[in-house]
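Here's a solo chain for you in structure tokens, the form predicted alone.
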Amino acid sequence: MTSRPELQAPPEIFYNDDEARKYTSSSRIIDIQAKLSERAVELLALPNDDVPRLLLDIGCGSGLSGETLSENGHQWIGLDISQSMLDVALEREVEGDLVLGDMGQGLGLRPGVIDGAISISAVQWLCNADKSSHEPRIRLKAFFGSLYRCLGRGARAVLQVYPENLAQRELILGFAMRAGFSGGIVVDFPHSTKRRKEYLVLTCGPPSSAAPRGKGEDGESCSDEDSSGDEDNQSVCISDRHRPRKKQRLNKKMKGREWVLKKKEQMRRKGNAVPADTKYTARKRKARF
């Protein structure tokens, strides 16, 4: 079994010239990227008014997912950390604008200019410390914070991810919620090992519509009964990012004079210097002077 790419090398090193060309020339990869991108555009739920939107493709690579955005009539900006991948995109003459950058350092875009964002198989790379200066929590915070700022009010971001485990999934989702997003994870084909796909569907601000559902084996939306069962296979939907307040401890027992004298005696036995007992020891003070 091949190791996960993000565990082998940093993305700018793993996707070198040879890997970038091999990746882009694979008919299997092209087909998978097209299907994932089409599903991401579907989950964006853009208005069906034939007005082109300005979209952001995070981890655009050689522009395979960007081609889907162009086919749907939208303009797009692609961001990627691999110069080799962007060189292949330029050779292929993709229609989007390309930016060389590290999403873990923030996106660097003006606030509110993006109508929607997609990302295919990229965000999980932020969970790995490829350099001594890399801290996954700091990089996730920078990424989601800048993504939230550059999106317009009510705009969506659909991030297709391959989390390594449940802890990594919760880490990514947690920082998305802290940045201000509402939304959650949509799982397609939850009961299939090979076809299972996870999409982090985020809305900038409160959700404007009902949360989307994952697809089942028949290609239709899963019902609540279909997604019940194995906890790891359930779709996760979080619309409120605020944490519940801690419950206040009720009926707190006050520590009186007897408790204080007992503690002072224990300290004396240990040889510690303890003030002498007086009538003022452990006295109850007034609420105000």
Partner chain sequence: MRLLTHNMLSSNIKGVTNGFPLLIEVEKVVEKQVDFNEDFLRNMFAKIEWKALVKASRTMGYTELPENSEASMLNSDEFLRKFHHALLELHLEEGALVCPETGRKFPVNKGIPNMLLHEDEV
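Positions refer to the first chain, counted from 1. Small disclaimer: the values here were computed from a predicted structure and weren't measured.
Heads up, the form predicted together with the partner chain isn't pictured, but that's what we're talking about next.
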Query raised in the report: Heavy atoms within 4.5 Å of the partner chain in the model of the complex: which stretch among 121-129, 189-197, 100-108, 169-177?
Result: 100-108
Query raised in the report: Any of the heavy atoms of Arg53 lying within 4.5 Å of the partner chain in the model of the complex?
Result: yes
**Report entry** Contact of Asp87 with the partner chain in the model of the complex (heavy atom, 4.5 Å)
**Finding:** yes
Query - Partner proximity in the model of the complex: Gly96 to the partner chain, non-hydrogen atom cutoff 4.5 Å - result: yes
Query raised in the report: Should Ser133 be counted as a contact of the partner chain in the model of the complex, where contact means heavy atoms within 4.5 Å?
Result: yes
Requested in this report: Would you check whether the partner chain, in the model of the complex, lies within 4.5 angstroms of a non-hydrogen atom from each of Trp76, Ile81 and Asp115?
Outcome: yes
